[in-house]
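For this one, two forms of the same chain are given in structure tokens, first as structure 1 and then as structure 2.
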Structure 1
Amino acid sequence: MAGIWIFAENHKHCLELLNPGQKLAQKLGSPLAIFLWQDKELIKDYVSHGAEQIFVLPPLAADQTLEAYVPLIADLARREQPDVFLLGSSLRCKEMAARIAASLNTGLCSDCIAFNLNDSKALEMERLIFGGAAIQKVICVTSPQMATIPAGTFEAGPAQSPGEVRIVELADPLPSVVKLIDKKSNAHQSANLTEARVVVCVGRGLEKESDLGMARELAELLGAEIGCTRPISEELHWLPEDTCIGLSGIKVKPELYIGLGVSGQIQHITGIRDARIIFAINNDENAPIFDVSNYGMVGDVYKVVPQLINELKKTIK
């Protein structure tokens, strides 16, 4: 038995992973399979993106969460012996991947940002370590070779004319003792941020939540989206968590990034390395952000930003 397996939480991410999955499947001569639950309408879409097998997971009871599938998926992997298992790196899938890997006694490359097949047909996978200060290249010497892959790492391929498909309906999982009591959804925003041409990023250099007004005014003037550092979203909760830029947040690649009171710790910088121009305002001339900036302004955001807004108003008509 063999297989290249894909598991991700949402449709878009599934399509993204099917693309490299399909290439691997061709090179390794192994069928491409994807997991599905809820919406069977998606089968067609997955098949036209290369899936040759669909594992259909049974519906979950109201008090169960996706992780309840872990034993089921691990058992299936023990039987089918896939070569490669790629999962999306959403928070939920990270936990699932680690538990499945432990259950199968195999290695897992977390947050893999690139990979290629070497001459002995092993995946050489790259990931960031030390907050992004270094890149580690690993191979998994056990089977299956597993990786979690962040959203946006790959692009979905074009739809092709669908081939044959094998649909496998899986049995009900045993209910997990972890029970869902309540769920609060948050409104999503970050799609705009990852595609934004200009990003204004707010750091802890801002003293209070109402000072966001100043950042918003600047952003509006530049047609920018607002992002932030982790303390702003996770500790202060001034902005939604999906606007956090960096290692544990999202990566942005704007033409212009403007950092307001951002110190430039490596975990944040990791998320902006693909920005074309980085401009930072910080009142500490030794702030690490200046090392990675194209333009660094040593000054107080409360003095600089209003002046900058005035100057920009004159320039942008």
Structure 2
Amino acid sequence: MAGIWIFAENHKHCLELLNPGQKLAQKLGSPLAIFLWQDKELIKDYVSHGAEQIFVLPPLAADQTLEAYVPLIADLARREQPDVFLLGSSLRCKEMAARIAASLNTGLCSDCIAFNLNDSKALEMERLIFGGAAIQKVICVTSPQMATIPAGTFEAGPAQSPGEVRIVELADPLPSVVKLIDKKSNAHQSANLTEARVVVCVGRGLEKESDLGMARELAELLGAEIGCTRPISEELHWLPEDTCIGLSGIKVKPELYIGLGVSGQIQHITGIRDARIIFAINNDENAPIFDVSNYGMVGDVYKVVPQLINELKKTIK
């Protein structure tokens, strides 16, 4: 049985992928299916967003992780023969996608940002290459056609009147040789940046870690979340990796993005290109960030930001 399959780690991303999945299903005349491994109450939500089939994955043992589903999903794909398999682009999903594709001897387009069907009904997929400076077009000639898609690439479609649904309860997977020994929570310093309406991003224009206090004060006044460029998280370790914005980090779509001392290299610009308004402060008038900014201010962040904070405090009062 052919079909369009969807798998993602979280509910919001599943809804995002169901939107393009539904359009593909209509064009190919194939059913739209999604894998459920969380609360079964989500079935109603998925059906109202176009899912016609629900593959219910069994609960995992305490020492197992999502990767244990790989052989189960691959075996199901060999039996059902889906046309297209779209997965989320989280680190875990990308690893699962690669292993599933290898098991099925098919191709995989990672971090796909757009796609359409050509006259032969093959997916023409696009992904960024060379640090976001170019777009590569990928066509998979094997089946299923697989792609991982970053969160926020598509908007979740509107809920509709639910139709008929086929629910398939899958058998327990064989225990994976990889065992989960312990879980340790990651200390997040900010909420989910991909959902933030306002983002304050810090770059190498800040001289020392204590200067983050200035950025945090500005963010608090604006109801914003703090993000950063890769040198801040990877080289200096001032902020956690999950706050890094860019090609190898996360992509954000805020109403307002404020860059503090951000130079604007293409790898970072890739992560903010969907922001509605980009406002940059940098003392270098030739900084690349100004080329993509709606508003720019050439000046020292150590002088400009305190003035912004003072004016905001007056306005709030």
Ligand SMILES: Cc1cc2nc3c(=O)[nH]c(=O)nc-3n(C[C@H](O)[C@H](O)[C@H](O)COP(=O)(O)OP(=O)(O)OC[C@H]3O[C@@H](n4cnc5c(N)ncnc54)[C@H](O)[C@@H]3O)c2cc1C
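When a residue number appears, read it as a position in the sequence of structure 1, where counting begins at 1. The model shown is predicted, which means the values in this text are computed figures rather than measured ones. We call the rigid core the largest set of C-alpha positions that still match within 1.5 Å between the two forms.
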Looking at the two shown chains, say which is the form predicted alone. 2
Please determine whether the C-alpha atom of Pro20 is displaced by 2 Å or more between the two structures following superposition on the rigid core. no
So, does Gly203 move by 2 Å or more at the CA between the two structures, with the core held fixed? yes
Kindly check if the Cα atom of Glu41 is displaced 2 angstroms or more between the two structures relative to the superposed rigid core. no
Enter the rigid core superposed C-alpha shift of Ile272 between the two structures, rounded to one decimal in Å. 3.5
